[in-house]
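This document starts with one chain, in the form predicted on its own, laid out as structure tokens.
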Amino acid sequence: MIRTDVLIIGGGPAGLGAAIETTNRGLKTLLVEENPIYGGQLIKQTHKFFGSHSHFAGTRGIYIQDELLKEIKKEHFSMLPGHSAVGIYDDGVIGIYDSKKNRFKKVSAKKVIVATGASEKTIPFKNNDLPGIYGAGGVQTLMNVYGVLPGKKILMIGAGNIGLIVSYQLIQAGADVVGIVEALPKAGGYDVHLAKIRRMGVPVFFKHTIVEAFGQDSVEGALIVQIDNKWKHLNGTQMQLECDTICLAVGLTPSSEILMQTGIKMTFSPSLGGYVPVHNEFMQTSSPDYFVGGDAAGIGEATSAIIEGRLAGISASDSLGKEKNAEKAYKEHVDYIEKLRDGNTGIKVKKGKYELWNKPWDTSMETFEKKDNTIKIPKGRTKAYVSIECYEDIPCNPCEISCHFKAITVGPNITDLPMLALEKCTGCMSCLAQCPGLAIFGINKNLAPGRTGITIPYELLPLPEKGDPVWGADRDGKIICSARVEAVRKNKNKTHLITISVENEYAENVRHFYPGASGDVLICRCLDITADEINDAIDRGYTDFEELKRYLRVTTGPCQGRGCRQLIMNMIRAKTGEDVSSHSTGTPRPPESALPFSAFTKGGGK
């Protein structure tokens, strides 16, 4: 029998937050975690957090667990990794299983904090048991913990924050995200996450769902279809996408099953993701000996999980007589988590909690007045400045903290939009690398005659080098012009700043870039024609698309130029400086797609 003051089940953000509070109050605390590594979802979150700068905003999740562990008083703390809580018995004993030694153990605790997190939901579709179908959390674990890429061509199902974040991380890891399928008419995740994905050219299919996965021994593709407002399939809208992996990001459900063994009161809350234990604002359940925090108390994000864990730790300490100033301790965290859940993105969780606490809910709380934070640039402005493209009430303020000249203001309500005082902006660009949403860009219209410098936050490898030719892309990832890398500023936080130059007419639209076409990079993949071959032909005078087509046979392959026509037109423009919009781009010939000869013979394909 292991005896302790407090047992914490789960070593994720909520469990670590709870341990900080109990150990700092001198309580003997035991934390059990079923995985060999502590941190829960933090260990796979390579993106930067939103929220208040004082609560890890702007810090990547993979570093936050270490910061939390530093706050725990080690003399009152012990950890058991690789141990699962498997039972809570009538006499109050908690059974835990040591997976390494294959041994059952017993724990007796005065108070128990359950921070068991969540499990991934799934959806039914034909062949959903094929190898190559994963939950998004599983994909994150494979990539960011174990360094394993699950596939090369990924189809993401779900455009909530998890689906958007994991799609971005898959691209960072070198995968091709062939599309994101979302049943709703808009993304459920933050707009800035969606904008990052769109800038990289990933198509998003709203009001669509997956019908079928197909393949012999593993996933080879998927069939998706458009749906109407009643979620019925629309005939004639079926679309087949080639992929080797299907990633499901269709929601989470609280992992609170172990609490059901205690007989405490449970309730089903759609707003909180499923069955949750009834608990008060201080995370105490209907039993005075059991407390809950994080996703086990309702699906939220990691910052709120940390705060709920802290509240559970304070509450457990208070019930043991170890909290001297409970009212002050509670208020600090309750007030912060209230602000964190303000705004359109967190209001669903907030409403679910109010229903749980029987607090009055006014529908006016669901409506938010949005400020206009667009900036009009004076014609005479020659100094560089930043463009803040954050138009959603996300709880976040690292941009405000990072500006040494107080040009950016969010204010006490961290869900307010950032406002830029242009007259105070020096164009130092320090805020670009701190923005978790990569939603701030630098503009320098005085870079060179006729050219504007666009500074872009960049988190992909390899980094370009100064002087490299690149393609400038718009907010939908469409290549619209040629560009040149003017500067590469590396940052310790891994958000690097790349300045590219474009012609002035593209300054307001370029927000991303693709590596330039040079060397042995394939441009025409059907016929294996490289960038060097095309550039050499242009240098030799083949500056018209029709001439290039006849000389190199570009666009005469099976795809008839779908993959390379626009790239080649941009290469001609980059080399000659000419406006190629009036150039002929060739005439596609029938059949529009490749067909076997047998289709035209007597008897067809029989």
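Keep in mind that what you see is a predicted model, and the values were worked out from it rather than measured. A residue's number is simply how far along the shown sequence it sits, counting from 1. Think of the rigid core as the biggest set of C-alphas that the two forms share within 1.5 Å after superposition.
Here the subject shifts to the form predicted together with a small molecule, a form of this protein not shown in this document.
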Exercise: residue 294 in contact with the small molecule in the model of the complex, heavy atom 4.5 Å: yes
Distance check, residue 547 to the small molecule in the model of the complex, heavy atom within 4.5 Å: no
Proximity of residue 115 to the small molecule in the model of the complex, heavy atoms at 4.5 Å: yes
Distance check, residue 416 to the small molecule in the model of the complex, heavy atom within 4.5 Å: no
Candidate from 564, 32, 572, 27 lying within 4.5 Å of the small molecule in the model of the complex - any heavy atom: 32
Contacting member of 535, 84, 141, 261, with respect to the small molecule in the model of the complex [4.5 Å, heavy atom]: 84
Three-residue site 189, 343 and 435 fully in contact with the small molecule in the model of the complex at 4.5 Å by heavy atom: no
Stretch in contact, per heavy atom within 4.5 angstroms of the small molecule in the model of the complex, of 548 to 556, 535 to 543, 41 to 49, 564 to 572: 41 to 49
Is_shifted residue 547 between the shown form and the other one (CA, 2 Å cut-off, rigid core): yes
